[in-house]
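One chain comes next, on its own, written out as structure tokens in the form predicted alone.
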């Protein structure tokens, strides 16, 4: 597969060609599945994430710019967001009454709750920008347009917020040991 082939699949997909979606699925569904499988608890969950990725890709094909990036990288970015959605949904399914019990039995759930709590602690507009980027599957450009902010400001907020989250979570993790 040459880079030209990848670019052509991207152009066709962006133009709404359903056969390009089928081609993308044939070429990169295994990659998407493998990344998802490393991030979710089971093969069935990874299959669900994979399906969600390609549905999202089709629905957001108008936002894909084949000149700015290639299809596999775009699909992996969507995969990261769908995995985050998966974990957020699981966190939301844990009732507040059972959260302490669930955290004792599953460190993954307690980590997800910790991340969600730390995101809630971010000030505005950082909290909103992080949620738009990682939960609503918006690109940096789309966030800038939606919030009427310069693109560089959005990118700076995301970078600083991720650094802040990392530092806070490292401190929280160290304190728990």
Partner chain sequence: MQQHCDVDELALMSLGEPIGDDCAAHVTTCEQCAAQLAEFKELVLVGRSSGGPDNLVAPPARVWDRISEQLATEPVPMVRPPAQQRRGLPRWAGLVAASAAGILVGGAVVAVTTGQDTPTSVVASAQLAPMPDGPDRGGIADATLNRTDAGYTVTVSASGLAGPEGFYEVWLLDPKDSGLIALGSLGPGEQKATFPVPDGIDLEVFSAVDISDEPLDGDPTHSTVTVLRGTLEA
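Here the rigid core means the biggest group of C-alpha atoms that line up within 1.5 Å when the two forms are laid on top of each other. Positions refer to the first chain, counted from 1. Computed from a prediction, not measured in an experiment: that's the story for all the values here.
The same protein has a further form, the form predicted together with the partner chain, not shown here; the description that follows concerns it.
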query: Contact flag, residue 62 vs the partner chain in the model of the complex, heavy atom cut 4.5 Å; finding: yes
query: The partner chain contact at residue 155 in the model of the complex, heavy atom, 4.5 Å; finding: yes
query: Residue 138, heavy atom within 4.5 angstroms of the partner chain in the model of the complex; finding: yes
query: Partner contact for residue 170 in the model of the complex: the partner chain, 4.5 angstroms, heavy atom; finding: yes
query: The partner chain: the contacting residue among 145, 120, 124, 67 in the model of the complex [heavy atom, 4.5 Å]; finding: 120
query: Triplet 6, 42 and 91 all within 4.5 Å of the partner chain in the model of the complex via a heavy atom; finding: no
query: Residues of stretch 147-168 in contact with the partner chain in the model of the complex (4.5 Å, non-hydrogen atom); finding: 155, 156, 158, 159, 162, 163, 165, 166
query: Rigid core superposition, residue 165 Cα moves 2 angstroms or more between the shown form and the other one; finding: yes
query: Flag for residue 126, CA shift 2 Å or larger between the shown form and the other one after aligning core; finding: yes
query: Residue 27 C-alpha relocation of at least 2 Å between the shown form and the other one, rigid core basis; finding: no
query: Cα-Cα shift for residue 165 and residue 74, closer or farther in the model of the complex, minimum 3 Å; finding: closer
query: Distance direction in the model of the complex for the C-alpha atoms of residue 161 and residue 73, relative to the displayed form (3 angstroms or more); finding: closer
